[in-house]
Each structure stands twice: as structure tokens, then as C-alpha cells.
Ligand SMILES: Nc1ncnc2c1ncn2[C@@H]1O[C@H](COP(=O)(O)OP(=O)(O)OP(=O)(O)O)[C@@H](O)[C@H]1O
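Here's a solo chain for you in C-alpha cells, the form predicted alone.
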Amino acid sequence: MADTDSIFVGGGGEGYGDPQDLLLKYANRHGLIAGATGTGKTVTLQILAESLSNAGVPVFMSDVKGDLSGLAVAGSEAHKLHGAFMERAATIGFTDFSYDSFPVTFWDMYGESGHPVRTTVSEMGPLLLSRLLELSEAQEGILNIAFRVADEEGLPLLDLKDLQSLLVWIGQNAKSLALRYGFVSSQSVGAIQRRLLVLENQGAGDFFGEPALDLDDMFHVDADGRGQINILAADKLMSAPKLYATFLLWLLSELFETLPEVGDPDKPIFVFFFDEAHLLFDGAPKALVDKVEQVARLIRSKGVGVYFITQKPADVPEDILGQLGNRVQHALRAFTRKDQKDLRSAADTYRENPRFDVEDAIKEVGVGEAVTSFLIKKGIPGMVERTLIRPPSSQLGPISSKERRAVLATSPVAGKYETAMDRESAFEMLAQRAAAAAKAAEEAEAKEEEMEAREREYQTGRRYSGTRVKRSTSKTTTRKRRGDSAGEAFAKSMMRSIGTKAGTAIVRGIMGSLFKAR
């Protein structure tokens, strides 16, 4: 573990500014890494993860393109960019540059390229689940009812089938629930069920369940004191962008709700990189944006730094953008009027440097260069500088499947999450209740049939015993005392028999012969 109070991000050559460092004391004040595709955001993300790990800080990041897996393997002199890396290191005065690998744990929602990562439906909660399912206000209300009923009835919601079975029960008991919670529309229940089916087809069935992720497993520090780099394989997950964004937001919320207050530590206890951040905010309801703003504002007191990675600063809502004190802005392209407006907005968020125009600099910086600003003493934003980003120590680009398997085999959580569990929860409990209710109904029906048979036997016995039977002058009274007519009794008997396979066959046979006779 490196004994340092800062992270060297990059420096300058001719025409560039002073060396740029991220002070660990302010690394939990959040940050932004922005820039157009291909301008170097991934390398910046990689070198920040390396440096934080060396400082003993665990991090989490999502690997959208597969490139970040190279953190697990040391760079090589055989790499085609080795010469360029050495030249860049010499230019910016990075005398300590060397190749190295880092402690990496791979995670994957689908369990293919990493350890399976799961959560329960209850832990996800109705707000995030509503966002994930893109529910209307009325549908979100029903989902909240479902969670309330689950709590009151002691029904654990662990996987999707638990929620699906509970929604069936709510639809069946809509009238009684309406007295307490308001109108429950069967159409809305059906709409939620359809959205859950779509979600299941996207592979979320593997995400909801047990064993659920234990956050402590993301805070490992190796024998050398280096923080664990948690990498989520997200190349496949990106085909379901809402699921991707909701998962990351859930993980961030879990960190916020679980970790204790630590005040202002000398360095973060965890850093969370939120790649493709625009997916979180696109079309997000105000309630969700307010939740993210609240988390971003308060989670730094728990020692967690959050860094949003996106193409344009405008992708992040202004109230959240204002909380991002550490910034690395790679090149932005300004082809359209809107692009030019976004460029001006990005430039306006920096503390000006009299040596150059920020707006021009953002347009002109090349690949591997950036306009940077980091918090300095007392948390004041540093003056904006043009910076050459330092080269990475780990491999640039993805590792092989064989190398990935080797990393997984030696992981500190190897074997813990690979086997899914399916303990008793809402699905099984509701099935048991339904079976018990069906049995009780069957027993009550059998008892009723037995009582009717005894009544008929009693009436028949009196009729043929030779005893005079007093007859009522009222036909209605006589019929009530004697029971239903033969036709009505047959109809009732026939309907009771519909509940069995044999009874159903009898009814079909009778109805078929009637139609043939006509």
C-alpha cells in the first residue's frame, strides 16, 4: 500500500499546467469524468482505480466494454503503446511509473463472467422497482400495497415468483383490500405482471434471489494493504439499460443505508464509479432524482465518494452536478447548437485560469489529455488546468477468458454465491394457504353433502313408515322443508362435480348430447 495523502492524476509539458493531484482527504467529495467516446475516459477511470487501490481504498466500477478487466494483470513492455507510455511518463515527471497488477473481484448479474450478484425483491424496494418496471402512478401505488401486505402478512419477497404470486393474491382479494388501501384495479395488477414477465425475460430472474450480496464482500483489503477493485461485468447487462441503472442505484442506496457515519476521514473508505450515468437520469421521475441528490449529499459523511462517468456534464442534473468537486473533462465535440450550449455550460462550471480559455481547451485537448480541476485546501475548487493523464500500470484492454477464470478461482468470495438458494417465502406460503383453503372448502362441501343425504334419508323414512305426515297448506313452506326440487338438486350436484376431472367429463358429455339432439 502506498503511503501517500494524494493521487497523481497527470502533469504537464510545454503548454500545460502544474501536476494535478487528487487529495485523498477530499476524494469523498465526489467527482465527474466526462468526455466524448474515444477521448480517454476509460484510462482515467483505470488509473484512478489503481491509485485508490494502492492507497488501501476499495472501489466499485462497472465494465461496460470489457476493457477494465485488464486491471487484474500487469501491463507489459510488449504492448504496442509501451513506448508512448514511457514517453508520457517522462514528459509529466512520473518517475515512479512501473507495471503492476491489482486485486480484482469480478461480479456478474448473470453469473457468467464473474461471481453472481443478487438481491431480494424486498431489499430493492417499491421505489426502485417501480422505476425499473416503468410503472404509472396508479401501478406504483399497487406495488406499494403489495409490499405493505407482505410486511403485515409475514410474506418474505425474495424472488420474482414471490412478487408475482402476491400480486395474484391481491387481485383475488381486491374488494377486501380496497376498504383499507383504496381501489385496486385488476387491469393495473395485470400490467405489473406483464412488466415483471418482460423483466424476467431480460434475465432479472437471476438477479432477484438468494444468497443476496453481502456488502462486506466488497470491502476486502489484500495482504499488502491494497483495496479490492470490484468490477461488474456489464457488457451483456447494457442490453437492458434500465436494469443496469437501477442495479447501480440500488447498490449505492445499500451503501448509504448500511454504512455508519465517519465524518471527514483522511481517505475514503469506498469509492463508487457510476459509468454511463446518463442512463440513471434519462426519464427519471422527480422522486428518484431527489433520492439520488439526497444520497450524493449525505453519503460522503459515510466516507464514500461517488464519481459519475458520462459523455457530457449536462447528463447529470444541476443540483447533483454542483456536488461534484473533483472533475476530469476530456474533449467534447460541439457540432450542433445544443452541443455548443452544453460546451459553454461545462466551461462555466470551472474556476477560470487566466492562461487559457476553458471552452477552447475542452474542444482542443487530444486523446489522453483533459481539462482538470480538483479540490484543494479547505475543499476549495482548484484552478482549471490542461493535463496530460498518466499512463496505467495495469494492462490496457481486456484479459483472456483463461486469465479471468484464474482470478475467479482465487477470489476471496469464490464459491460463496455460485449456488442459488430457494428457501420458503411468499410463493410457497401463499401456495400452502391456497391448498389449506381448498382442503377446508372440500371438507365443508363433503359435510354439506352428507347432511343433505341424511335429510333425504330421514324424509324418505317418514314417507314410507306408515306414519301420517302433517302437510302444510303452503307450497313454499313444503318446498323449503323438503329441500330443492329434483332438477335443482341435480344441477347443484352437477356443478359440484365440475371441480373434478370425472365431473368435467360428465358435464361435457351431457352438454354435447343436448346439442346433438337439437
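As the structure is a computational prediction, the values presented were derived from the model and not from experiment. Numbers follow the displayed sequence, beginning with 1.
Not on display, but discussed next: the form predicted together with the named molecule.
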Pick from 447-455, 55-63, 24-32, 42-50: which stretch has a heavy atom within 4.5 Å of the named molecule in the predicted bound form?
42-50
So, a 4.5 angstroms cut-off on heavy atom distances: do all three of F85, G368 and R390 pass it with respect to the named molecule in the predicted bound form?
yes
Taking 4.5 Å between heavy atoms as the contact cutoff, choose which of L408, V358, L396, M109 touches the named molecule in the predicted bound form.
L396
Among the candidate residues L81, V289, M238, A174, which is the single one with a non-hydrogen atom no more than 4.5 Å from the named molecule in the predicted bound form?
L81
Could you confirm whether T460 comes within 4.5 Å of the named molecule in the predicted bound form, counting heavy atoms only?
no
If we check the named molecule in the predicted bound form, which of the residues in 20-39 reach within 4.5 angstroms of it by a non-hydrogen atom?
A36, T37, G38, T39
